[in-house]
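Starting off, we have a lone chain in the form predicted on its own, written out as structure tokens.
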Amino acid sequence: MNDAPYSLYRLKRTPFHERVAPLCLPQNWRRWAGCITVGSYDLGIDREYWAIRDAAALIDVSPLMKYLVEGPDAARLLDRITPRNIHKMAIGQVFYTGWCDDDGKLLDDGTVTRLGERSFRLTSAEPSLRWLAMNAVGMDVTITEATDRMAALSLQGPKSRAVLNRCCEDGLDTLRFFRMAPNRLGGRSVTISRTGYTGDLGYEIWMDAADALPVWDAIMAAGADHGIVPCGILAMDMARVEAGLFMIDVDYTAANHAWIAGQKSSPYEMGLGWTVNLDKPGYFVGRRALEREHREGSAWRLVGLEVDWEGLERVYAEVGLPPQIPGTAVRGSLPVMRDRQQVGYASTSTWSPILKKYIALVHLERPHFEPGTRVEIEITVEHHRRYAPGTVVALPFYEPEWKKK
């Protein structure tokens, strides 16, 4: 019999649990990086989704892994492990990036924020302390995991700036896209970055865990007459597909978790070629493999698929049914066919409420990933496999004009 205390096996609670738990009416909880997080606050996700697209949605993103990288070689270390040119970052700038193994295959993706001349914050989905430490051998750098001591909120939606302008000491009107600045909110010191995971206007607020509840309360009070809504990860999942944003362990497998080579993906294959700076001097992990792929082209590519609604109707009409659409994003592999041959698969698919389209993130083999290519995606109708026609499109599916203004 295992006598280990039960507390060892419990999921952690985020610093906002005291506020979010009473609001989670359906007790719809999900696991995220060892934490218990809200899936949805209501029985459905419509209200939360439309807060992202029409108003302001407040999302607890504290489970993100967070690392402080500090010291004379901090920039050198991050430049070594990522394909971005970290030395060109200005203080207060944020880079989105992936990082790879020696074969140029993605290990994880996240953001790098330059907090000072010699200090950075790295976020990731998976634990990355060992990888950072291995690459820092011989460097004058200190790496500190700050995951548990730092809380984080994401405020997303077209009214997010108006809400923060009401509760922040310094206004957000001049904070540019992918920039960060210190501020005070609810009487507490925070840093605010103009970033997010929904493809809409949005901000992420970073703070000490001890300051979490006053910051939450101040934002909720400021947003009361702007339609602010606490939002769970299910609505965020639907929005991130519309934005063409992928998720580790759903849309790609970390190279160090893959069983076979075919499960691995490169930045080019995931549509992150724009983050690979082959012009920067010196070595970075995976450089040779990425240079080779840049010359020869990628065998696969993550792209968008818009399913033809009339074609979907016909498939269901054959059995006397109207089209059935999922209420949340479907994280599951669905074969994609062309001329009766499988040419790829969908990793996440969803109904897009704002576009009124059924869409999917799909991985397609060359040459089938070119926009305009006609393919078919597998759907299940009355327990039988059928195929609905669709068109390959460039990502993102949705990007409002106010996102970067």
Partner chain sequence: MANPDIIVIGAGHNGLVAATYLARAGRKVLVLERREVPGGQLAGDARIGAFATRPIHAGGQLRADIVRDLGLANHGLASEASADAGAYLAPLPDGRMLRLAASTDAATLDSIRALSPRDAERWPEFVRFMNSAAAYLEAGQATPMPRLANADLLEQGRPLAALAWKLRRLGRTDMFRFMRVLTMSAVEFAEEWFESEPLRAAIGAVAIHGVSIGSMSAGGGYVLIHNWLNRGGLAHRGTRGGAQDMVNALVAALRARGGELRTSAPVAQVLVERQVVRGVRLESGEEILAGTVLSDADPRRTLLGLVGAPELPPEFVWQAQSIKMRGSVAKVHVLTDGQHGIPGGTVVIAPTTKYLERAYDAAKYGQVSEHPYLELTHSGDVVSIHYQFAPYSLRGGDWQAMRATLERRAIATVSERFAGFRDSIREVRSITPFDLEQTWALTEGDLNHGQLILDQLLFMRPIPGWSDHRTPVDGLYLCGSGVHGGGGVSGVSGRNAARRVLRVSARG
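These numbers come from a predicted model, not from an experiment. Residue numbers count along the first chain shown, from 1.
Keep in mind that the form predicted together with the partner chain is not shown, yet the notes after this line are about it.
- Message: Although the partner isn't part of this model, could you tell me whether N135 comes within 4.5 Å of the partner chain in the predicted bound form, counting any heavy atom of the residue?
- Response: Because a heavy atom of N135 falls inside 4.5 Å of the partner chain in the predicted bound form, the answer is yes.
- the partner chain contact at A299 in the predicted bound form, heavy atom, 4.5 Å: No - in the predicted bound form, heavy atoms of A299 and the partner chain never come within 4.5 Å of each other.
- Item | Distance check, A162 to the partner chain in the predicted bound form, heavy atom within 4.5 Å | Contact check for A162: no, nothing within 4.5 Å of the partner chain in the predicted bound form.
- Touches the partner chain in the predicted bound form: A210 (any heavy atom, 4.5 Å): Residue-level check for A210: no, no contact with the partner chain.
- Heavy atom within 4.5 Å of the partner chain in the predicted bound form: which of G262, G187, G282, G320? By the 4.5 Å criterion, the partner-contacting residue is G282.
- Item | Interface residue in the predicted bound form among V250, I91, L278, A221, criterion: non-hydrogen atom within 4.5 angstroms of the partner chain | Looking at V250, I91, L278, A221 one by one, just L278 meets the 4.5 Å heavy-atom criterion.
- Would the partner chain in the predicted bound form be within 4.5 angstroms of a non-hydrogen atom of every residue among W131, M139 and R287? Result yes, every residue of the spot touches the partner chain.
- Message: The chain here is shown without the partner chain. Which stretch in 227 to 235, 169 to 177, 151 to 159, 74 to 82 comes within 4.5 angstroms of it in the predicted bound form, by heavy atom distance?
- Response: Only one stretch passes the 4.5 Å heavy-atom test: 74 to 82.
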